[in-house]
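Next up: just one chain, as structure tokens, the form predicted on its own.
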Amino acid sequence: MLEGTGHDASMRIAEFELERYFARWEFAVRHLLCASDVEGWAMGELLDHADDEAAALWHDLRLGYTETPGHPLLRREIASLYATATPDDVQVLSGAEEGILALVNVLVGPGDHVIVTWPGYQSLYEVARACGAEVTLHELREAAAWAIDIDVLRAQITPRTRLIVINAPHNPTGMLPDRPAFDAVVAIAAEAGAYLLVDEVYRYLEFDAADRLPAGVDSGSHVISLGVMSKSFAMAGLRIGWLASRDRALLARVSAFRDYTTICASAPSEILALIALRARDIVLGRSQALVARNVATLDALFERWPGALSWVRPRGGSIGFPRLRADLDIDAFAADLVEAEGVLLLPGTRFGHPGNHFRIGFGRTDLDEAVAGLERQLVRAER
């Protein structure tokens, strides 16, 4: 407490329900059937793909501080993911989470208005609330295939709207807007004089590459791309993320905010991320193949259990948001499943969602065993 004030000196923010749930269960279960990432790479396998320059950087690496914006070669490689970005348009961060925290803190405060798609990753809206902004949740509905409602979004804009946040492909539903809807969101933000943050951590995992949207940073100077090595690139342990924006003054403010968080990224992680990005065709090809195989397994699961399970089939990413039949409470079912089979699902209640939904992840190599455990529990539930 601040002496004499009676006020808590810490940032006032709601407990992160999803992360607290994973803190309890993630490393205590046999099968994580709700993981949002793709099966992580083995370090030795990644290093086998290093080119001569990156291999030398790894061998000669000194474990000191790194540049706050990120290693110049890494920023150059990240910029090459986009059509219009240069290395100076990239800020490397310690995971996507730091990107959200830093960006929202420098963009919004009391009196500002933020619109965020929901259900979604909690920090995308809770950080803005903690900064004192008014947050409007743009609810995605199963009956509408979890699509963004452009008319509703336009009506949610106010003169105080400072930031709009979307996630595509979307966590937890796997929704991917079509191109006209995406272009409309970009235009609405521009008309409102607002920034648009596009959380693109599942970019490159579109089930049909033809559905891939333009990157946010390539869509306008008011649009910011959020990327990370954790999801499509299957390297969550690196804790390397980034923001890409053509608004360099904004990135400078993010960099200055970072002086109070991590200051800089991990030196080994930056070089490993560089190796991975230079071998991106191999890295992403592995993720895409694993997701495609696992989605086929889940398609068969839903065909076998039409009365118990249903979903709007995702169009991208490594997660979906199925619904359990109404007479089986998802929280109780998930608790019984983890106790009986060591298989973890993520109930939709952890997103604050009132439906009987749960997040299922299909980026891991043990999916067949996890699905078998889920089916055994469904059999028990029918008795």
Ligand SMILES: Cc1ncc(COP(=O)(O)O)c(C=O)c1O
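Since we're looking at a predicted model, the values are computed, not measured. Residue numbers run from 1 along the displayed sequence.
Note that the form predicted together with the ligand isn't included here; everything after this is about it.
With the ligand omitted here, the record of contacts in the model of the complex names 91-99 of 110-118, 91-99, 245-253, 301-309, defined by a heavy atom within 4.5 Å. Heavy atoms of every residue among S36, V201 and V228 are located within 4.5 Å of the ligand in the model of the complex.
Checking R162, R75, R258, R239 against the ligand in the model of the complex, a heavy atom within 4.5 Å turns up for just one residue: R239. Residue-level contacts in the model of the complex: of S287, N294, N167, S269, one residue has a heavy atom within 4.5 Å of the ligand, and it is N167. Interface membership of N171, defined by any non-hydrogen atom within 4.5 Å of the ligand in the model of the complex, is confirmed.
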